[in-house]
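The data below hold one chain only, encoded as structure tokens and taken in the form predicted on its own.
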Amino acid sequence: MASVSLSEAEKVYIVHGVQEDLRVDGRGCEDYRCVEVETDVVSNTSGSARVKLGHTDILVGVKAEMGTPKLEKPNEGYLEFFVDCSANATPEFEGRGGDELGTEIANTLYRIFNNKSSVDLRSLCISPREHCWILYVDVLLLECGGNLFDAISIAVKAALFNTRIPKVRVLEDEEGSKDIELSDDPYDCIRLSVENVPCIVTLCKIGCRHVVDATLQEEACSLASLLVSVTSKGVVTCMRKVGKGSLDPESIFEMMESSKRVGKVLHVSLQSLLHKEESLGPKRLKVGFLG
């Protein structure tokens, strides 16, 4: 992961500021930076989104393809995640430098979506045991400015909201063989419900307090962080500790309660923004570099 070098004086300044609930950029401990979300930015995908959180820039594309259901879940489709860490994001990702981080992020996304309540996978089934939709979710890290996991989870949710899957009909002839008929109408499609898709809230322990949406400088002052996956109803679905430091039970409980509060507000703001952007239709002005 991208990192910065700080002097001891800079670290002391950041830590003392956090203790007073006043961070270097003027935010409180539970405040996010300004989040920019834009959907439908890549034309050759089923759904896409770009998210900018401070200096962190994430692009997500979703591609729907037909495949065969897994043996253990014959009535469901499934999601596949791939994360690419662009060398332009930080020199540390040159060569195979970003592979380890990409695998870590992909595994975290698998854990988040590894429950029936996140996405209705049954709606992706076309014909049990024979055909289903597979959603390939490709995540590209364009720039790293801290708080990667939160930005990626927001971008994935926005891209899934934007995803449109063509409707299909299974036709069976007299001999019992099945044919799949794909709808030609681009507006005749299936939309995924993302209401229960969780977002990650990362809380970094700095001194005796914790902060959300840490910058690279704040991450350099933190020895332990807690990644909490929270739904729009404030339900914690997954939790993971990262970093070399330790967290005592009381701190973990406080961080979980903070993640629930912050997560609810984050979901409400994101859903409102996505619905508002969609209501503009073709009149929407594309502002991204892919616009």
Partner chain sequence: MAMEMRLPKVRKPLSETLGRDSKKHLVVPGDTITTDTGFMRGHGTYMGEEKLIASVAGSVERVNKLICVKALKTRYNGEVGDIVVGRITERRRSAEDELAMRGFLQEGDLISAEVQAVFSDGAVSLHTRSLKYGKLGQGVLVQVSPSLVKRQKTHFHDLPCGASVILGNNGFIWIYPTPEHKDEDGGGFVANLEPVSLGDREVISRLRNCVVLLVTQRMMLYDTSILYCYEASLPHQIKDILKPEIMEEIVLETRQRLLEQEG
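Positions refer to the first chain, counted from 1. Bear in mind the structure is a predicted one, so any value in this text is a computation, not a measurement.
Missing here is the form predicted together with its partner chain; even so, the following discussion is about that form.
The listed set Cys132, Leu148, Ile154, Val197 contains one residue whose heavy atoms approach its partner chain in the predicted bound form to within 4.5 Å, identified as Ile154. Screening 246-254, 64-72, 35-43, 224-232 for residues having heavy atoms within 4.5 Å of its partner chain in the predicted bound form returns a single hit, 35-43. Interface residue remark: Val265 is counted as part of the site for its partner chain in the predicted bound form, having a heavy atom within 4.5 Å. Using a 4.5 angstroms limit between non-hydrogen atoms, Arg27 touches its partner chain in the predicted bound form. Contacts between stretch 5-41 and its partner chain, counted in the predicted bound form as any heavy atom lying within 4.5 Å, involve Ser5, Leu6, Ser7, Glu8, Ala9, Glu10, Val12, Tyr13, His16, Gly17, Glu20, Leu22, Arg23, Val24, Asp25, Gly26, Arg27, Glu30, Asp31, Tyr32, Arg33, Cys34, Val35, Glu36, Val37, Glu38, listed in sequence order.
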